[in-house]
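Here we start with a single chain on its own, the form predicted on its own, put down as C-alpha cells.
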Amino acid sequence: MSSRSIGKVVGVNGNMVTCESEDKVLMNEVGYIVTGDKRLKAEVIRIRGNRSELQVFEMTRGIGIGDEVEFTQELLAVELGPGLIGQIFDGLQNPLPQVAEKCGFFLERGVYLPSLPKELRFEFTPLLKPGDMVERGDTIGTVPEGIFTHQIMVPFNLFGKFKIKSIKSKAEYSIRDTICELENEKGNIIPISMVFEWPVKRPIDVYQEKLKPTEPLATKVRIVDTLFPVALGGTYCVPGPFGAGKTVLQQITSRYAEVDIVIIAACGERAGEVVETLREFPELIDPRTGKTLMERTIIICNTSSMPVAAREASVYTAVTLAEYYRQMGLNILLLADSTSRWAQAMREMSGRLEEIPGEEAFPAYLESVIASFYERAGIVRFKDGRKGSVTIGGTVSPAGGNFEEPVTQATLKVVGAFHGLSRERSDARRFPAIHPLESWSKYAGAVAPDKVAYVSSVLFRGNEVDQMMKVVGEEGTSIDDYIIFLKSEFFDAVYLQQNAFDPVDASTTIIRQRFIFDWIIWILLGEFNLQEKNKAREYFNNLRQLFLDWNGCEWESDEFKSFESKIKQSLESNLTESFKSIQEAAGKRFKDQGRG
C-alpha cells in the first residue's frame, strides 16, 4: 500500500465534507474522517486545487473544523472471493449479521468489518502447475462454495503475463493464505490468495467479447415471458406506484427465474420491505435445488433510514459482485430496488455540490449515470469459449405513479424491456399488475411474435369496447363487440394474471406457456354460437373457471388431461365451426418457423 496523505476538514454540509490537503488526492479515492474515536469512511467526489469534497457514508454528526482526514490512495473497492454467496452486506460490503452481533439493534458509526473473515477455510484444488503461464482472470484452482464450484482466478488488476512459481497442493486453507506465487517478466514474485479487491465503479472487463443478448430468460411469469420478455444478459425496469407489487414481483422472479445466482440490492427502500425480504428468503425453498433460496442469493441492504450516500455504493457493490460471478461462466440476475432512491441520493449530493440542476432538481448527468449502470449488464464470451451473463432489473418508484418523471424516462432510454405496473390493475387485484397495453419489450420471447401481436390486438380492441361500454352501457354494445370484450377479459384472467401463492400456478414453464397460449389463440380466433349477452357472459365465466382450475394442475398429470378434455368439449359445443378446423386455420395463419 502507498503512503497515506493527510488533510484537514474545513467545511461540513450535510453528508458532504470539504477538506484541504497539501498532498496528492485522487478522484474517487477513499478517505477516513477521524472524529473522536471514530473513523468515518468517505469518497472523494470533486477536487478543486488543494480542496477536495468527500461524500461521507455515515452520519456526519460531530465532525468539526480541523478534524483529520486520512486518504488511503485506494479507490472504493470490494473484496472478491469464496464465501460471498448467502451473505447480507450493506453498501460498503460490511456483513450486517456480524455488525449486529457487535453493535446490537442500532448500528454504530465507523464500524467496518471484513466481508470475508480470515477464519473462512475452503478446500483448494489446483488446476495448474509450476511453470504454466497465466493472465488476469485465468483460473488457477477451485474451491467448493455451497452448490457451486468457485473458481480462484488471477486477480483482475494484474496486467501482463505471469509464470506460476509455486502453487499449493490440494488441501484446506484460509482464504487469506498464499496459495500461489506468480513471477512477472521482471522476476518479481507476487503472492496470490483466494481473495482480492476490485474498484466498484470500474466494470470488470476480463472477457474476449461482449455478445448481443438474444436468448430469452425464463422468469416463469407468463405475462413477462410471453408478452414482454427479458433476454439473458439484458436489462429491464419495473416502474410503478407504491403498493403495486414491485417487491413481490421481484421475489417471484428471483425464486423461479432460470439463473444461477440472484443478487438483490435493496437501495433505499423502506426498512419494513427489506426486513420482509431478509426474513422470507432464508425460509423459501429453491425449486431448482430443494435447498433454501439464500444458498444462491446475495443481499446488499441499504434502507431509507441508512446514510444517503451509501445508496450509491450499494448499487455499484451489487453489480461488481454480479460481474465477478459472471467470470465463472454463471448467469446472474441483479435486482435493484429501487433506483429512484439512488437517484434521489445523487440529487441531494448534486445540490450540496451546488451544481446546475436539471429537471426536477436531479443532476444534469442523471441519464449518463443510469446508463453506465445498466450498461454493465450483458452476456460475454471468454477466451476458452465459456459464456456468462449479468441480467439487470431495476425497479423505479415514481411519485404518484407518474412515468413522465426524470428517473423513469432516463431508465426507459437504456433498458430493453419496460414492465409498467398499474395502480388500476393493482386495486382490481390483477397480479402481476403489469399493464399489458403500456408495457413493451425489444427482446424476442418464448412465443412467436405474430401470435403475440394478434393477442395484443385483441387486448387493445377489448379495451376500446370497455371504454365505450362505460359511456353507452352494455345494452348499447353489439353482441360481436361484447364477445370481443369477453375474450380480452378471459385472456387477462387466465393468462396475464397469476396466483403467486399457488404452488403450481406461481411458476409456468416455457413449454406449458406455449401449450396454453395456443389454446387461447384458438379461443380468440373462434366464432361462438352465442346470441345473447347473458348467455355469452355466463359461458365465458364458466370457461374462465375451467382454465383457472387447469392452471393449478400439475403439468401433464391425469387431472391436467381431464380439464383439457372438459375445455375441448365446452368449446366444441359452442363454436360455430368444428374445433379441428379452427386449429387448422390457426396453423395456416401463424407461420412461425417451429417457434411457439
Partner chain sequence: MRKIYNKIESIAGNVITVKAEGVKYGELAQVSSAHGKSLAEVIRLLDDEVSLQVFSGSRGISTKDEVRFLGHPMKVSFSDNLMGRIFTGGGKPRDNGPELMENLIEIGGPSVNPAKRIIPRNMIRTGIPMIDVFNSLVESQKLPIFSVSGEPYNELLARIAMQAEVDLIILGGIGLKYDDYLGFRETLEAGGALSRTIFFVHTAADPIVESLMVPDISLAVAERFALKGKRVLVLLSDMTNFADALKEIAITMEQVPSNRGYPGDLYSQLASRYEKAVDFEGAGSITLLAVTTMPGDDVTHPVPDNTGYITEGQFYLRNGRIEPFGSLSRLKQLVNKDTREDHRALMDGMIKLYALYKEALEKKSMGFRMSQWDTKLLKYGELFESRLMDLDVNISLEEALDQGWDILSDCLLPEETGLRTDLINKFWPKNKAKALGAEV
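Here the rigid core means the biggest group of C-alpha atoms that line up within 1.5 Å when the two forms are laid on top of each other. Numbering follows the first chain given and starts at 1. Note that the structure is a prediction, hence the values are computed from the model and not measured.
One more form of this protein exists, namely the form predicted in complex with its partner chain; it is left out here, but the text below deals with it.
Would you check, heavy atoms only and a 4.5 Å threshold, whether Phe460 touches its partner chain in the model of the complex? No, Phe460 stays farther than 4.5 Å from its partner chain in the model of the complex.
Flag Glu70 as yes or no: does it have a non-hydrogen atom within 4.5 angstroms of any non-hydrogen atom of its partner chain in the model of the complex? Result no; Glu70 lies far from its partner chain in the model of the complex.
Could you tell me if Ser397 has a non-hydrogen atom within 4.5 Å of its partner chain in the model of the complex? Judged by the heavy-atom cut-off of 4.5 Å, Ser397 is in contact with its partner chain in the model of the complex.
Does any heavy atom of Glu360 come within 4.5 Å of a heavy atom of its partner chain in the model of the complex? Contact check for Glu360: yes, within 4.5 Å of its partner chain in the model of the complex.
Among 7 to 15, 581 to 589, 568 to 576, 21 to 29, mark the stretch whose residues have heavy atoms within 4.5 Å of its partner chain in the model of the complex. Partner-contacting stretch among the options: 7 to 15.
Non-hydrogen atoms within 4.5 angstroms of its partner chain in the model of the complex: do Gly131, Arg386 and Glu554 all have one? The answer is no: none of the three residues contacts the partner (heavy atom, 4.5 Å cut-off).
Pick from Glu181, Glu273, Glu295, Glu215: which has a non-hydrogen atom within 4.5 Å of its partner chain in the model of the complex? The option sitting close enough to the partner is Glu273.
Please tell me which of Met328, Ile510, Leu96, Ile520 lies within 4.5 Å of its partner chain in the model of the complex, judged by heavy atoms. Result of the distance check: Leu96.
Scan 62 to 79 and note down the residues that get a heavy atom within 4.5 Å of its partner chain in the model of the complex; none is a fine answer too. Residues within 4.5 Å: Gly62, Ile63, Gly64, Ile65, Asp67.
Classify Tyr32 as shifted (yes) or not shifted (no) between this form and the one not shown, where shifted means its C-alpha moves by 2 Å or more with the rigid core superposed. Tyr32: C-alpha displaced by less than 2 Å between this form and the one not shown.
Is the C-alpha displacement of Glu559 equal to or greater than 2 Å between this form and the one not shown once the rigid core has been superposed? Comparing forms between this form and the one not shown, the Glu559 CA shifts at least 2 Å.
Asp549: after superposing the rigid core, is there a C-alpha shift of 2 Å or more between this form and the one not shown? It does shift by 2 Å or more.
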